[in-house]
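Here you get one chain, nothing else, as C-alpha cells; it is the form predicted alone.
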C-alpha cells in the first residue's frame, strides 16, 4: 500500500498551521509544519514533499517568493497559496506565479480539500 503523500504547511501563524495539519490528518493525509519559508527550504524536506501549502504574507520570505524560489530550482511540487489579505495587486502577483490554487482565509474545509486533491492528482 503506498504511503500517504507528504504535505508541507508553511505559515507564520501557529493556529493556522495546526488547523491545516489537523484538517489534512482528518482526511488521512500526512503533513509537516514550518513557521517560515526559510525553515522549510533549510529542512531538506522539499525532496520528499508532494505538495506545499504556504501563506503569502509572512515575515522574511513571502509565499510568492517561496514559489519563485521553487520554480527557479526546477521544482515541480505543486503549491497552494493561502492569504487573509485580498488586495488586488497581491492577488495578481500571486496568480502570476501560477500556484495550483489560491485560497482566501478563512476557507471552507471542503473547498480546501478539493484543492489539495486536485494538486495531488497525477
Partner chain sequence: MPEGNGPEDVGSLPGLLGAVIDGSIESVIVRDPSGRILMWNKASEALYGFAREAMLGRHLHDRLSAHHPMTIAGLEQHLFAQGHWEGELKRTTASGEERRVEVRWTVLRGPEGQPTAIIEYGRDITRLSVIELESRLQAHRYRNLFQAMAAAFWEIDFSEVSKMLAQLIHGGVEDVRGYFEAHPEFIDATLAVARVVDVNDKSVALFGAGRREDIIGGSLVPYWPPESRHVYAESLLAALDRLPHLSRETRLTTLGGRKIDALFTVCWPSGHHGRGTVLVGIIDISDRVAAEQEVRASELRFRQLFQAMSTALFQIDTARQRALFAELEARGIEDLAAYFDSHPGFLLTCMDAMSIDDVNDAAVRIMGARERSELVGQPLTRFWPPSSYPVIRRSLLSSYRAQASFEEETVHYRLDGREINTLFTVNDSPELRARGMVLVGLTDITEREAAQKALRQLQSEFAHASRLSMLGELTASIAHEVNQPLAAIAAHGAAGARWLSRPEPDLDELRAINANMVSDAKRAADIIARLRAMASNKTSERQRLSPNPVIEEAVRFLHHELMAHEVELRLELSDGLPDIEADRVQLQQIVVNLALNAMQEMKRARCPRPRLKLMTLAGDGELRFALEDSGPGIPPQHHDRLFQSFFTTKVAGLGLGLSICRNIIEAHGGRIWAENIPAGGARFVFTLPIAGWQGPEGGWPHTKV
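Numbering follows the first chain given and starts at 1. Quick caveat: nothing in here was measured; it's all calculated off a predicted structure.
Separately, the form predicted in complex with the partner chain exists; it is not shown, and the next lines address it.
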Seminar exercise, completed: Of 68, 30, 95, 57, the only residue with a heavy atom within 4.5 Å of the partner chain in the predicted bound form is 57
For this session: Identify which of 84, 42, 91, 46 has a heavy atom within 4.5 Å of the partner chain in the predicted bound form; exactly one of them does.
Result: 84
For this session: May I ask you to check whether residue 19 falls inside a 4.5 Å heavy atom distance of the partner chain in the predicted bound form?
Result: yes
Exercise. Heavy atoms within 4.5 Å of the partner chain in the predicted bound form: does residue 26 have any?
Worked result: yes
Exercise. If you check in the predicted bound form, is residue 111 within 4.5 Å of the partner chain, heavy atoms only?
Worked result: no
Seminar exercise, completed: Contacts from 91-111 to the partner chain in the predicted bound form (any heavy atom within 4.5 Å), listed N to C, are 105, 106, 107, 109
